[in-house]
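Given as C-alpha cells, the chain that follows is alone and in the form predicted alone.
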C-alpha cells in the first residue's frame, strides 16, 4: 500500500475513533432517558390503579389525569402490576386494579393518551452539537496536519480529540440531566396529587406501609409538633430532612445526598432525583477516554506512514500487543479504576443513594480497630513463610539426589499445590476437630490432652498456618530444585578440593547460588500470604472472636455481608499499598546486598 493509501486508511480509523464514542454516548443517553420515562409511566399507572383501589371511585382519575386513563372491566391475565410497552405509536401502559382487600383483580387500567413530548426529543441539542463539532473537525484536522510539525501534533492532536469528543458528550450529559430533572418533578407531582386526592388521608397514613403502597416513595410522618413519628429513610437522612421547615419543597441535601422533598399534610415525601440514580456520567467519561486514546494512537501511526519500515514494525508490534493490552485494560486496569471510584463513594447494592465522600472512607478505616486487627492477623500469618521456605529447601536438597522412589516423592510433595483448596481446607478441618480429629487422636496415643485447634483464639491462626505450610511447600520445593540445578557443579568440586564440608558448601555455595531464587520465592510467598482467603473462609470464617480475621476476608465481609462496597474498595487499595511497600522494601534489600557483594 502506498503512503497516501496508508494515510487515508489511518485517517478513516481516526475519524471512526472520534465518531464512535459520540454515537455510543448519544445511544447511552437516549437509552437512559427512555428507561426513566418508562419508569415514570409505570409508576403513574401503579399509582393510578392504587388510587382507584383506595377510593373505590374511578372518577378520581379524571381530576388528576383528564382523559389520560381508561378503566375496563375485562381482566388481562398477563398484567399483574403496572406494565409499559413501547411500539411505533408511542408508549402504552396497563395496570391491574384490585379490589379493596387487594385480593382479586376487578379490572384493567389502560393509558388513553400518551405523555406530552416525544421520547428522545431532549437529544436534539447534543445531536446538533455533535454534527457541528464533527464537521469542524473534518475541516480543521487536515489543516492542522498540514501546518504543524510532528512533535507539535503529538500533544496538539490528543487535546483536539479530547475537545471533539467531550463537547458533544458534555452536551448530551447536560441534556440528559435536564430531562431527568423534569422527570423527577413529574414523579413527585404524581405522588403528591395521589395523596391530595385521598378523601380519608389519615387512614392511609396510619396504616403501616400505606403511604409507600400508594406513592412508592420513601417518606416520614410528623406530628403536630414536628416530631418524626415514622420514617422509611435512614436515620441520618431522617434527621436532616426532619429539620426542614414546613411546608418543604424542592431539593434539599440530607446525609450528603440531594433529595427532592414535598409535604402533603403531615407526610413528607423524599425522592432521590433520577439525575442522581440514573446519570450517565461514568460511561460517558469512559467513552471519552477510550476515544481519545484510540484517536491518538492512529494519529501517531499516521506520522509514521511515510516511513514504511518503521510503520510496519509499529503496526506489527501493536497487532501482537493488542489482545494482551485489551485483556489488561478490561480485566485489570478497568476493575482497578472502578475500585478507586467506589472507594470515593458510599456505595451499596441495597441503597440507591451513592454520594461522593472523597477520602472519608479512608479516614474512617484509619480509626477502624477491626480492620487493623485483620492487618495484624495477616502480618502474623505471614510469619509462616520463612518456615515453609526452610522446609521446602530441605526437601529440595533431599529429592535432588538420584535414588529409587525420588520421582514419586517429588510428585507426592507437589500434589497439594494442584489440589482444590476447598477440598484441602475441609480435610484439614476434620483433622483439626476437637473430638474426632486425627491430630488430637495422635496426641492421645502419647498421653497428651486434646488441643482446640480451630475453636481457641490462641491456636486457630496457628492451625491455618500449619495447613498453609503443608499446602505451599511442594510448590516452593520445585522452584528451589530449579535454582539448585542452575548452580554450576564446578563450584561444589572446587569447594571439596579446598576441604569444605557439607555445611560450608551449603553456606558458601548453595545459598549464594540460590540468592535470586530465594528472593523470588520470598516475594511471591509474602504477597500470597497477604491474599489468604479461601482457607479462612472454609475453616473458621474469621473466628473464633475474629482471631483469624485476615485482611482479604475482612474486605469480603465488608462488601458482601454489610454491603459497604465503598469501604471495601478503600480497604483493598490500602492493602495494595501495604503489599507494594513490603515488596519494594524487599527489592531494595536485595539490591543493597547485591551491591555489597
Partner chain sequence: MGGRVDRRSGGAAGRGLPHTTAEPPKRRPAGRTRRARTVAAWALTALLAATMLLPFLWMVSTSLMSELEIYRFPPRLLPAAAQWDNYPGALTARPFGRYFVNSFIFAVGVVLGQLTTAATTGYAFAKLEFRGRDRLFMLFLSTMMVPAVVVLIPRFLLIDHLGWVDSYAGLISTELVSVWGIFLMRQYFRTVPRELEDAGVIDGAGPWTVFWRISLPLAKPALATLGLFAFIEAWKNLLWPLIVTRSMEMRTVEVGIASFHGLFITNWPFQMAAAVTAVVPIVLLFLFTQRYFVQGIQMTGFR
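Bear in mind the structure is a predicted one, so any value in this text is a computation, not a measurement. Between two forms, the rigid core is the largest collection of C-alphas that superpose within 1.5 Å. Numbering follows the first chain given and starts at 1.
Below, we refer to the form predicted in complex with the partner chain, which is not included among the displayed structures.
Just one of 178, 304, 221, 375 comes within 4.5 Å of the partner chain in the model of the complex, counting any heavy atom, and that one is 304. With the partner omitted here, the residue from 506, 98, 318, 362 that has a non-hydrogen atom within 4.5 angstroms of the partner chain in the model of the complex is 318. Heavy atoms of residue 170 never reach within 4.5 Å of the partner chain in the model of the complex, leaving it off the interface.
When contacts are judged by a 4.5 Å heavy atom cut-off, residue 543 does not count as touching the partner chain in the model of the complex. Contact annotation: residue 410 falls within 4.5 Å of the partner chain in the model of the complex, judged by heavy atom distances.
Although the partner is absent here, residue 186 is not a contact residue: none of its heavy atoms lies within 4.5 angstroms of the partner chain in the model of the complex. The partner is not drawn, yet in the model of the complex one stretch among 293-301, 162-170, 205-213, 222-230 has residues with heavy atoms inside 4.5 Å of the partner chain: 293-301. Residues of 517-552 placing a heavy atom within 4.5 Å of the partner chain in the model of the complex, in sequence order: 520, 524, 527, 531, 533, 534, 537, 538, 552. After superposing the rigid core, the C-alpha of residue 300 moves by 2 Å or more between the shown form and the other one. Core-superposed comparison between the shown form and the other one: CA of residue 10 displaced by 2 Å or more.
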